[in-house]
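Take a look at this single chain in structure tokens; it is the form predicted alone.
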């Protein structure tokens, strides 16, 4: 069980409304599924990182649509929000307040080593063209994390560095002000689902690469995506023995199919006793069964915006309570609070 070492802890995660905001089975396996498991035994905070999206999305209509779509996708997949505080980053202003304070203990060199910044430079983008939001991205992410003092932060391998930078910033703050305000969070990367390959069998699943299987699209769209999934190129006829290794249909069935049925199909496939079409049909049926309730919730939430607003409002209120406690401590520790202070969270 990949979650056995994460018990009775506070878990925090955020997801930015990049792309068009829709989630695919790679997102589900790589993030949502594990978060649902965490929520069974832990206190979980999950936020939509809309402020982070401003580093790359600077079109009002696109950001609005992406954010709304992502909110619906996440809520539909999560279902039961017991133990989950779900909110939007921009609804809790303490995120940017803490970022401003952390700016003053974060060395420039630490940010220059960040992958996102270095990637932009490697793409021949002049440094003067890189917006400060992208450069400061790790500080806002540190603020996102440290506000809630989580024990663990589930991230992909490509985000591990940001949690490490967050720990460096927290240590510098604690050392500078001679008080352990921030505990150091641990990154959590389950190896089993760290990277989900796309339907082409060559690259990580990504909407921009067109190698995804959707969750909330029309059934006809999903069926087409499944039918185009990479199998065994050496297999010419259904009666030819097939290979399981590298066959993306079976890779997905290991997650979504019934184990006994999948094991049986694997044996038949290796002996040339089942066709690619039959196996793909079973994958399609398995996906429809797995996401049946989520697809129904998606339709219900889409038709009830007030329901979605209430979930976000309740989540923001809970997040506000926790973040306020942290910021009151930060203000007092830094000296921003004095005998003339009247503002209180």
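Numbering follows the first chain given and starts at 1. Note that this is a predicted model, so its numbers are computed, not measured. Definition used throughout: the rigid core is the maximal C-alpha set that superposes within 1.5 Å between two forms.
Beyond the structure shown, there is the form predicted in complex with a small molecule, which is absent from this document and is the topic of what follows.
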Listed residue (137, 255, 216, 86) with a non-hydrogen atom within 4.5 angstroms of the small molecule in the predicted complex: 137
Option touching the small molecule, based on a heavy atom within 4.5 Å in the predicted complex, out of 165, 155, 94, 75: 155
The small molecule in the predicted complex reached by all of 15, 26 and 195, non-hydrogen atom within 4.5 Å: yes
Exercise: residue 231 in contact with the small molecule in the predicted complex, heavy atom 4.5 Å: no
Interface membership of residue 38, the small molecule in the predicted complex, 4.5 Å heavy atom rule: no
is_contact(residue 315, the small molecule) in the predicted complex, heavy atom dist at most 4.5 Å: no
Contact label in the predicted complex: residue 205 to the small molecule, heavy atom within 4.5 Å: yes
Proximity to the small molecule in the predicted complex (heavy atom, within 4.5 Å), stretch among 174 to 182, 243 to 251, 196 to 204, 102 to 110: 196 to 204
Large Cα shift (2 Å or above) at residue 116 between the shown form and the other one, core-fitted: yes
